[in-house]
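Quick heads-up: it's one chain on its own, the form predicted on its own, in structure tokens.
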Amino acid sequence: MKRIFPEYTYGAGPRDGCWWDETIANPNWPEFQGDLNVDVAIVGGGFTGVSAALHLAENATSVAVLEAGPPGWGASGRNGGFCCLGGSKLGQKSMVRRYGREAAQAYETAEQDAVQLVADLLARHRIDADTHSNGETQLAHSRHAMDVLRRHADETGILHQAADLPALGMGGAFFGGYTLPVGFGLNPRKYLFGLASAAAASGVNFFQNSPVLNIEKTTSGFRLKTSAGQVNAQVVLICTNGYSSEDIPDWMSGRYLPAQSTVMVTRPLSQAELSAQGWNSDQICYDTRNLLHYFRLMPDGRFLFGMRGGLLSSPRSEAAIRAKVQQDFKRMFRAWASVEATHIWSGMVCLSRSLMPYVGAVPKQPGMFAGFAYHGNGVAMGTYSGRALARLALGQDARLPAPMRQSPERFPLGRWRRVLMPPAYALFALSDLR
């Protein structure tokens, strides 16, 4: 496997301290060994891969899911648990210019459908994932940002002035906000393992600690090799997102860019502490910065706070970004400056050069499909993309908007493309000062 970050990134260090690990036990997936023949082999056991497996199994398709680490080890088991609109980092005006108004509207509809799909799966399979929040609220970090929110507000959401926020239970140094009635918070590992349980009950074979080392084309499909055996499949789905390898398959090389996100969770807050800050809302929230912060009060009284911005990956840089997230938390929620973070961890989100998700065929590999690049919104968009991949594997219409079907271009600089991030982040930071 060829990955573009240091080995530390793919080890236990960044993940150590993940709160979700304490909320639900890992399913007992075996490690793959021997030979296995299936209709569809799925590389990656996160939201995309498990959603694809579940939807395939519902169509009486034999499936094997090969996860490189333990269940929920990657982004799907360590994210902030925001099921909300997103998946693209391309602005609405830019999307209209690039794809046309109709295609842009189709993508917006897909975002809403993605959130609804997660809600439907939770209900259908009776998954208790600690859901909460009625939509999501974006909070302005400056007067300029609030002016931008006002200009873009429409009848689909509710605009909040700064004076409105205390009554909404959102006390803090914010200049107003805007609530859209789509989205909710959840425990991502409970959701992921609930989907996997439903898929396993329908006959899906799940394997942990079984990284795919090579994929060969055969006369009847593909041969996926691991260190302990091989899986023969007619169709292969690549569902590895920010933890992808440059050579599984070779086409992935340069077409995705991982970026770090770091999350902390506090101890349960007392009613007195909540009152001191003026925060008792269970809304999922994020601010208007480009290098955004995202946060929510969870049902157990703990406060989750996350941020973008880590560029390096090493024990030293991990310690620095963990210190930074706590510093930002205390600056934004001053009444909680003495509240300790009991858990902090980091993981990778995934970007594409077009700033759009991709779901579709791997060129020159008939029968191989990939889905990736959710730009930090993989709960909903990963689930949605997994269903679309299942449809493609079955030879059906994936019903995807045109912007998601365009094959992603490679980033400049190949395996060294990470050097593009520091100048971009520097510009984002300067913009956030407005």
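Start at 1 with the first residue shown and count on from there. Bear in mind the structure is a predicted one, so any value in this text is a computation, not a measurement.
Below, we turn to the form predicted in complex with a small molecule, even though it does not appear here.
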(message) Quick check on residue 61: any heavy atom within 4.5 Å of the small molecule in the predicted complex?
(response) no
(message) Check residue 88 for me: does it contact the small molecule in the predicted complex (non-hydrogen atoms, 4.5 angstroms)?
(response) no
(request) Answer for residue 248 alone: is it within 4.5 Å of the small molecule in the predicted complex, judged on heavy atom distances? (result) yes
(request) Report whether the minimum heavy atom distance between residue 368 and the small molecule in the predicted complex is within 4.5 Å. (result) no
(message) Which residue, 133, 230, 261, 266, is the contact with the small molecule in the predicted complex, using a 4.5 Å heavy atom cutoff?
(response) 261
(request) Report whether all of 45, 68 and 79 sit within 4.5 Å of the small molecule in the predicted complex, measuring from non-hydrogen atoms. (result) yes
(request) Report the stretch among 315 to 323, 348 to 356, 274 to 282, 116 to 124 that approaches the small molecule in the predicted complex to within 4.5 Å, counting heavy atoms only. (result) 348 to 356
